[in-house]
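Presented below, as structure tokens, is a lone chain in the form predicted on its own.
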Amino acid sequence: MGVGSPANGETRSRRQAAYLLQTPDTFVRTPVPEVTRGAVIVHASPALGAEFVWMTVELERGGSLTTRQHSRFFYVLEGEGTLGSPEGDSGMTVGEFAYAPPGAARTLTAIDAMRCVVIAKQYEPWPDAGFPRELRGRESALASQRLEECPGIEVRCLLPLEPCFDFAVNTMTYAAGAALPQVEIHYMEHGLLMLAGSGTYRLGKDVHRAEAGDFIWMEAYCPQWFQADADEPAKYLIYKNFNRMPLL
């Protein structure tokens, strides 16, 4: 049973054909061979219908994750660690992120107990686009921009808008009461993790409470809309497949 799960089986988590709302009380921690002294929570995977994998890696002090397949994106939620490569190790703390291109071996090692988002996707090459490069950065150091001139919503793009990158990862910060300007329906699927605050999320024809710590997956063409609660800002980390034409 997940941490904090009520004995009567009540939960805010919901699974529908077009989306998943997964609340922390339903998270299941699983050992995998790539992780030592830790576990993973797999939020989205092909078993769900997603064309990417989103997981939270939880490591004890000295624990590690080693990975080499597909494109990978790392975002530190708690604690401190290093991300190792053949060129050497570099430190990673809360709010820092990294991108590793497909096939590049990387080892994430916890200096203190740490939690880190890891997103993986099979890379889709594009003619003459080149090959994506290694990236490291800190989210707070990036310039923010308004979403479609909405004064209450700020977006930080953690990956460059370049043809060689085939997915996007952004943070979106909402002022108290701010909302998306429209219900969105598009061909890209999403995964998102609520980082702070809370609000109302429309998913398909349903409306749900969304709180810090919740994970949401939305398939392509799932109607979606979010509004932050009126009394505090809200923020989430969001993925979408991007920069590629749909294939026939």
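Residue indices: 1-based, along the sequence shown. Every value quoted in this text rests on a predicted model; they were computed, and no experiment measured them.
There is also a form predicted together with a small molecule; it is not shown, and the following applies to it.
Asker: Exactly one of Val53, Val35, Met194, Leu180 has a non-hydrogen atom within 4.5 Å of the small molecule in the model of the complex; which residue is it?
Answerer: Contact with the small molecule in the model of the complex is made by Leu180 alone.
Asker: Have a look at Met218, Leu59, Ala44, Ala210 for me and say which one sits with a heavy atom within 4.5 Å of the small molecule in the model of the complex.
Answerer: Comparing distances to the small molecule in the model of the complex, the residue within 4.5 Å is Met218.
Asker: Judged by heavy atoms and a 4.5 Å cut-off, are Glu184, Gln224 and Lys240 together in contact with the small molecule in the model of the complex?
Answerer: Contact check passed for all of Glu184, Gln224 and Lys240.
Asker: Does Tyr236 make contact with the small molecule in the model of the complex, using a 4.5 Å heavy atom cut-off?
Answerer: Taking the distances in the model of the complex, the answer for Tyr236 is yes, it comes within 4.5 Å of the small molecule.
Asker: So in the model of the complex, does Phe97 come within 4.5 Å of the small molecule, heavy atom to heavy atom?
Answerer: Contact check for Phe97: no, nothing within 4.5 Å of the small molecule in the model of the complex.
Asker: Is Phe165 one of the residues lying within 4.5 Å of the small molecule in the model of the complex, judged by heavy atom distances?
Answerer: It does not: once the small molecule is placed as it appears in the model of the complex, Phe165 has no heavy atom within 4.5 Å of it.
Asker: Does the 4.5 Å heavy atom contact test between Phe73 and the small molecule in the model of the complex come out positive?
Answerer: Flag for Phe73 set to no.
Asker: Just to confirm the contact call: exactly one of 168 to 176, 137 to 145, 105 to 113, 76 to 84 touches the small molecule in the model of the complex at a 4.5 Å heavy atom cutoff, so which is it?
Answerer: It is the stretch 168 to 176.
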